[in-house]
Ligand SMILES: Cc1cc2nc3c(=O)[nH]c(=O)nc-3n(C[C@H](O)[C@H](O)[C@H](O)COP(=O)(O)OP(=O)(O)OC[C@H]3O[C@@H](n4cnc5c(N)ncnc54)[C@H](O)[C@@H]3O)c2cc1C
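Heads up, the chain below is alone and in the form predicted on its own; it's given as structure tokens.
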């Protein structure tokens, strides 16, 4: 009856369902929640996310809701030096290179793409397990309306996030502390001192090292304030993240900006499986995408763009598998190669940058030099749009030139 069952209707799952439906396939999209619903996140939408939104035709829908154009990022180092880096030198573009939009709003926008594309959707339905014929996954068990039923399809897609039931049912490792990040989000209003072009901010502070503290401007005078740190470091140092985040807003570097501000939500946490160790993404009758596949950027913690890109590729490989009637792990392995061919170098670069972040003296030097050198700041700006240039960020020669400049 269905060409694919997609478990999880976040941006990745909804994108996969929308693209499949537009290609003439029949997907079933299942989510345990109803929409709109919240998702704990930093709320920043990268250029990669914007590219997928353009392909989905939903930029105008995004611009019509509460969101904020963002044109760059501001970094600060442990010593307090700051550098503002634009995402692009072309500031006259009709569409911003990035946005900040709360996940209640954004996820619902992507979800509506699936609805409007004609995908069948079950909400308030919980997937309780996988159906198998031998080693092959042939569908799922779903509990809804107080009863459990079986639903079958030649492909099951795990798009259900960091704590994926599909991943669990496949018997995969759910957590590796060296490749897993703990994140906290705290909504505020009235925070001051943002860049005029609505830069998102990433601050490397001694107290949160080797993680980082972020302050992202939002529409209507709000801000997303948060903290991210590797789980292995949290455990090793017995760090209490919530009290640490509360101390950071009182830090001398930021205290004045929060002087007349107030929190409008409680601190909420979530886990981020990082792309420094992606999972196997396909097998007999199944594929994984986004957070379920551990595709979150190891340096920035951003996962929406990678989820939506991998969702497009899931739809493409579902169509290919149907055409040749081959749903084996051997055939679907092409999906893994396709995703890593697109994202692999970027994930390696981000992993290297994450590790460099542990060298506080080096962070200080690079940010200090960039804050004083327009040429170096421009070079880093180019790296946001050009992967071949971004590779320099993990080259020892790049840092040698910076340090000797």
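Positions refer to the first chain, counted from 1. As the structure is a prediction and not an experimental result, all values here were calculated from the model.
Here the subject shifts to the form predicted together with the ligand, a form of this protein not shown in this document.
Taking the partner from the other structure, the ligand in the predicted bound form has a heavy atom within 4.5 Å of a heavy atom of residue 296.
Contact between residue 87 and the ligand in the predicted bound form is not found at the 4.5 Å heavy atom cutoff.
Although the partner is absent from this view, residue 366 stays clear of the ligand in the predicted bound form, with no non-hydrogen atom inside 4.5 angstroms. Residue 160 belongs to the set of residues with a heavy atom inside 4.5 Å of the ligand in the predicted bound form. Heavy atoms within 4.5 Å of the ligand in the predicted bound form belong, among the stretches 264-272, 75-83, 326-334, 148-156, to residues of 264-272. Taken together, the three residues 48, 54 and 315 lack any non-hydrogen atom within 4.5 angstroms of the ligand in the predicted bound form. For the residues 139, 183, 97, 283, the 4.5 Å heavy atom test against the ligand in the predicted bound form is passed only by 183. The partner is absent here; in the predicted bound form, the one residue of 339, 370, 44, 28 having a heavy atom within 4.5 Å of the ligand is 44. Scanning 11-25 for heavy atoms within 4.5 Å of the ligand in the predicted bound form gives 11, 12, 13 in sequence order.
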